[in-house]
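We begin with a single chain expressed as structure tokens, specifically the form predicted on its own.
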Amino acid sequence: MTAAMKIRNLHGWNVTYEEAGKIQEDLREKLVLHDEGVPGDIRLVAGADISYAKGEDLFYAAVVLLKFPELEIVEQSSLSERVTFPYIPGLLSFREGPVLLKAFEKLKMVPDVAIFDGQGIAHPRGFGLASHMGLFLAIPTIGCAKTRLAGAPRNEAGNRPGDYAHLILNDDVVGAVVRTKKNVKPVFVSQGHKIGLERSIEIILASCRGYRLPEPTRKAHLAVNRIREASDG
């Protein structure tokens, strides 16, 4: 069966660090940062994650597709590939993007929204992994990161699940510090592409089931680690 997920070809990946930065700046202008593509009735949410052993260049990617709001896995794809682009803060998508896109390309169903373990526009150039992948996938994408890369919270987020504080960079709101579980560190949510911040926060909170991380990326993380460990074994 031909995969239903189509990937746009925006640029090549064999680029220098300077070229990578320029690509980010150019593509940043193409982002849609409001709810343009999000259906009112979301049925399928994807989560994506990468796993690799420290110091190794063999990357494993997994994408899980979950029914929403039930959050039951209905499809999963995975891929492993050698990566040559080094780890450089702010250029993560050039390291992880190619293998993630190939995993998405194997999906037979198209998600309404995809969540990434990384940044959207809460990024020094306003163009993190979720934004970059959103343009390639042409679907709404959300960044839900475990750590902050850019910006500062306007105030401290409350301690109740659902509490959040806006993340500010150069006087602009670029994301939110979101509490998903009481007495647990918050996550950093920012829109990637074709979605606004408030809807991004709503989807992340609706995707949580008692853990710090939303189920799509949490289950993708578990899946990709199982695949890597099985391969290592």
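Fair warning: this is a prediction, and the values are worked out from it, not measured in the lab. Position 1 is the first residue in the sequence shown; the rest follow in order.
Separately, the form predicted in complex with the DNA exists; it is not shown, and the next lines address it.
Contact annotation for T180: none of its heavy atoms lies within 4.5 Å of the DNA in the model of the complex. Using a 4.5 Å cutoff between non-hydrogen atoms, R82 does not count as a contact of the DNA in the model of the complex. Although the partner is absent here, K106 sits far enough away that none of its heavy atoms falls within 4.5 Å of the DNA in the model of the complex.
The DNA is not shown here, but in the model of the complex it comes within 4.5 Å of a heavy atom of L129. Among the residues A138, I73, A157, L92, the one placing a heavy atom within 4.5 Å of the DNA in the model of the complex is L92. Segments offered: 38-46, 192-200, 51-59, 160-168. Contacting the DNA in the model of the complex at heavy atom distances within 4.5 Å is 51-59. Looking at 204-228, the residues that come within 4.5 Å of the DNA in the model of the complex, counting any heavy atom, are H221, N225, R228.
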